[in-house]
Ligand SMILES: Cc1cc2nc3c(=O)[nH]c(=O)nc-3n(C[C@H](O)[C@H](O)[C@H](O)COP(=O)(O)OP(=O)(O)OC[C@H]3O[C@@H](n4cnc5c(N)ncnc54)[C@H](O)[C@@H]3O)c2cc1C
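A single chain, nothing else alongside it, follows as structure tokens in the form predicted alone.
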């Protein structure tokens, strides 16, 4: 997995004006001759495009529909401090907390740092609290136990019958603006973005990928695009994309339902203080309140429907956390499909929420990389991990700088002229 490998070292600058060029400078010139094709225009593809473009590689992103029209545009937008995962996996929790700090620095306009309360409703929750607090502390997540009285001062909308609450640095992500910030910055750096272009084939010979076949729905034409590296960032559709290269990819598409009601019924993220389950998170988004989610698994992420029973169950759970849900006006219900790493015969909650970067050289497709799992909070880290693997594969000693480089505003995506597509 690329995410566990150390980052490539930064190269030293020339000691004097007449010194020989640093190896890093030579690598950056060579990087412009390497074409990377990225399949998938959601948050993951956006972050990968940004990181690789910043390192100087020539990149084209292909999306079969509109940008963020898959899972990215359908999640409830929680900025995870990692507290939800701390008891089960401190590594994931620690990574979430680190990425929250980075996103606040590089993409503040897409973040509402409203913090979160995990509230205990019964004896089981009270018994769970000590393990939760200990796991958060071990993961580097600030946490503070509050009496019900103190918690209600912070969040008047929470259930006043709660036994106590634990405050953590959760927040809210604008699920549309954050990817646009990555995409705008990448395009300003020279990346090409092609929407309504579906990848219908991945070409390989002698055990290495050489390009893509793309159906451009605007022109109605099929095109053959040469590529030195292909990144499969298609989320729950990643298995189908890998199959285009004759590669099997272990992935579980796991849908989950979310329900929004009208009105901002809470200002903080409100979660149930217990092991992760259905309907135990409420996220305020502008003037809506969203409760999520459920989870099951499917074979085809294009063939999902929102189960009516899910809506009723989620609203019942929401009322336990924020009683005002009982009288709130229904706004919408929808389903998003998580791209969980691995396969399961169960519902999927037993699978890790971590991400994997998989190199397919051993599958006879060197130069093809797939990324599975993950969550919106760690998009930047996912992009960095993929870019590190691509640089190792292409023998480029170019370190990433995305953790320290502020992103352009999301509006710049619309203000800047789209690059004219040129043959690649």
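Positions refer to the first chain, counted from 1. Everything numeric here is computed off the predicted structure, so don't read it as measured data.
Absent from the display: the form predicted in complex with this ligand. The rest refers to it.
- Proximity of residue 369 to this ligand in the model of the complex: non-hydrogen atoms within 4.5 Å are absent; the residue sits far from the partner.
- Interface membership of residue 272, defined by any non-hydrogen atom within 4.5 Å of this ligand in the model of the complex, is ruled out.
- For residue 53, no non-hydrogen atom is located within 4.5 Å of this ligand in the model of the complex, even though that partner is not displayed.
- Within 4.5 Å of any heavy atom of this ligand in the model of the complex lies no heavy atom of residue 313.
- In terms of contact with this ligand in the model of the complex, the residue from 252, 72, 181, 139 that brings a heavy atom within 4.5 Å is 72.
- None of 318, 241, 229, 151 but one reaches within 4.5 angstroms of this ligand in the model of the complex through a heavy atom, and that residue is 241.
- Remark: of stretches 358-366, 371-379, 392-400, 25-33, the one touching this ligand in the model of the complex is 371-379 (heavy atom within 4.5 Å).
- No residue of the trio 86, 157 and 279 has any heavy atom within 4.5 Å of this ligand in the model of the complex.
- Shown without its partner, the chain has 233, 234, 235, 236, 237, 241, 254, 256, 258 in segment 233-267 as residues with a non-hydrogen atom within 4.5 angstroms of this ligand in the model of the complex.
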